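The form predicted on its own is given below as one chain in structure tokens.
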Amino acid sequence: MSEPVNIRLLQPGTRVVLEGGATAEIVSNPQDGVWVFARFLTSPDDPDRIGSEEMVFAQEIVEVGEAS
């Protein structure tokens, strides 16, 4: 089991890996500890999501990468 991610610390430009293997880049963070807005960079299960911006729930984020 991986460590929980403190999404309040995620800044715009940070890349994250989501459940299911999709990757996304944080667009904005309301710092509520529950949601972030992210742009999908990859989406193995649904290629139509690539480039779209969506709200991402904290529990969906499984890994944090580097900021771009």
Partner chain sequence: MATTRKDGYRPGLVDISAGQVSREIFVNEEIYREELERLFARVWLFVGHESQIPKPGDYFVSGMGEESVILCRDRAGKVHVFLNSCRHRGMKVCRYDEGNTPVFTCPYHGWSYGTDGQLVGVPYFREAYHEKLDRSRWGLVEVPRTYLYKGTVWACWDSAAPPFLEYLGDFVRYLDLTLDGWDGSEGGTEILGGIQKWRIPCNWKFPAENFCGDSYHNISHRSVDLVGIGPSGTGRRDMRERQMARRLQVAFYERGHQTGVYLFPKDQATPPSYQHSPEVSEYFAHCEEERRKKRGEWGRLIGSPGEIFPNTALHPRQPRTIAVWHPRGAHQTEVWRWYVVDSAAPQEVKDFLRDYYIRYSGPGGMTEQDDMENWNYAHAASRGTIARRYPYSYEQGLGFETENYEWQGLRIPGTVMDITDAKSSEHNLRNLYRRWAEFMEAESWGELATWRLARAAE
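Positions refer to the first chain, counted from 1. Predicted model, so just to flag it, every value in this text is computed and none were measured.
Although not depicted, the form predicted in complex with the partner chain is the subject of the following passage.
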Contact flag, residue 15 vs the partner chain in the predicted complex, heavy atom cut 4.5 Å: no
4.5 Å heavy atom contact, residue 25 and the partner chain in the predicted complex: no
Non-hydrogen atom contact residue 34 with the partner chain in the predicted complex at 4.5 angstroms: yes
is_contact(residue 55, the partner chain) in the predicted complex, heavy atom dist at most 4.5 Å: yes
